[in-house]
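Take a look at this one chain, the form predicted alone, written out in structure tokens.
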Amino acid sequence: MSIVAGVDFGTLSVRVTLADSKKGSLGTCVAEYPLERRRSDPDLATQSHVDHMEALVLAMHRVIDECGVDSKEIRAIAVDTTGSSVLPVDKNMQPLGDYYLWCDHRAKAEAEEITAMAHDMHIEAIEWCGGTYSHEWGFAKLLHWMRHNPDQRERFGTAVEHCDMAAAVLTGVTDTARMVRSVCAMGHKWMWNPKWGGLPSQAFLSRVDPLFDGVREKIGGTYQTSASIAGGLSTYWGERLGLTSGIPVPTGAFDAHWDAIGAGCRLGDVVNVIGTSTCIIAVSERVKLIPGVCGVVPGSAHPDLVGVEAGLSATGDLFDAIARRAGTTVSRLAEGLESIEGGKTGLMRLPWDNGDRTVLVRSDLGGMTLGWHLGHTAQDELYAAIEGTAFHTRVVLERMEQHGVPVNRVINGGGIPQRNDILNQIYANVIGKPILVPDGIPTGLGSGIFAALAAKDHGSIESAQAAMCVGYRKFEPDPSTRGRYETLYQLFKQVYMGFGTSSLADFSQVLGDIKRIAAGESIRSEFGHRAARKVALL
């Protein structure tokens, strides 16, 4: 038995979980840090590396004190982070500014240029990230930084993902050539894949912009899965954290991927990590392209399987926005949601308020609410928004299944499902499958599992999961809602594809159908031919 430390850097705070490698979580503590936003530039979202590390020290000491453990008994520490959260550094690994956080959307033009050039040059990598390179990803953010920081270009040594920077700092790396990079981060956000020799060619990158000349060599180092060790904890950070220097630090990864492992994800499972946004994680034995799905990477979430990543760009953020516009909070607005009958608000909510990440991959889309009448309330919209995120999730899951990813179990991970049973029930009703929710907070437990592997307490992820993961609560689909939700889902897909693609969709009956469903009228006879024909074309 060992005690290990799992670190999870989120958008607004760092969570440190101490875990017994044979029994699971012992306790968790959190420390916050600021996120810089600007009204004058709403796409900007940055954070300080120093703030991150100071918060880590604070959270570590808090959890050691609260759990009452001897810090010398902690035998490994593992770190996951948000991503793509990108930090330019000099050759000695010193930051040249702040992180471009995952939700920083300033690099839209750069992403469009990368996408266009990749298709023009027939770069295979673009097909493996869903056909569109995102403004949330590494190369786009790095190019934006280069264009807007000309005075720093000569000092540029490399760009690092937050998970790799954290591991490098903790292990005392001060030379960019000694960087250890996460296959999870680089495969999903930087078009890295051993299939074409790693990163895209320098010829392609230089064609995108001459500012990228020589950048491929600078983004070097060793690329590893999280089954490998990045290094031992340095003396300096051992002293600051109160831990023993030299304990292993495995190669890091993205929070949603390790959250999926901490939620018990196994072959045949899909985990919806639902927070401010939703990250949908699955693992598969086969490597296969999935159109519109932004990442298919061997060895990412699970070192021995193919990781598949998709998601929704706004979930919790969408709920917060609806409540904020109503002058209240989500918790207050949600009071009484259980009295609303599923599928009968008379509203349909398209959750594109932050664009569409999967399967349309369009940042220019905006949220829509269809079906308003003068009696509708903000609470009706909140309910319809939860339904809308469930409908959108079903679109993604069906796309995965169509391309060979098994979806046998659906697990709702992340923070929101822990405190929102109405959401879990709506997801079960809309998706038409039981929803499993970890019976306890899984965030940070994935880091603990990889720390336990690094400490050699378990020989496999499956062994560690069996010992350390919590059980589940199950939400079964309500049969009384099945007909309504099946019909509404076909309408949702019609509108989703109609506004999101160049298909010749006819929306002339949609609003009337939504009203008829809310009124309890049957529309199957007239809808069947029309919807089946249109959806088949999509």
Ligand SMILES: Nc1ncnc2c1ncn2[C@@H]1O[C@H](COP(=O)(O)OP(=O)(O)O)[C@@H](O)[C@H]1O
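The first residue of the shown sequence is 1; numbering continues from there. From a predicted model like this one, the values you see are computed outputs, not experimental measurements.
Separately, the form predicted in complex with the ligand exists; it is not shown, and the next lines address it.
Take the ligand as it sits in the predicted complex, overlay the site C-alphas onto this chain, and none of its atoms lands within 2.4 Å of the backbone or a C-beta, so the site here is open. Looking at 394-402, 112-120, 416-424, 451-459, the stretch with residues near the ligand in the predicted complex, meaning non-hydrogen atoms within 4.5 angstroms, turns out to be 416-424.
Although the partner is absent here, G10 is a contact residue: one of its heavy atoms lies within 4.5 angstroms of the ligand in the predicted complex. Using a 4.5 Å cutoff between non-hydrogen atoms, R15 counts as a contact of the ligand in the predicted complex. Residue contact check for D317: one or more of its heavy atoms lie within 4.5 Å of the ligand in the predicted complex. Although the partner is absent here, I274 sits close enough that one of its heavy atoms falls within 4.5 Å of the ligand in the predicted complex. For the options I340, V208, V330, I126, the residue carrying a heavy atom within 4.5 angstroms of the ligand in the predicted complex is V330.
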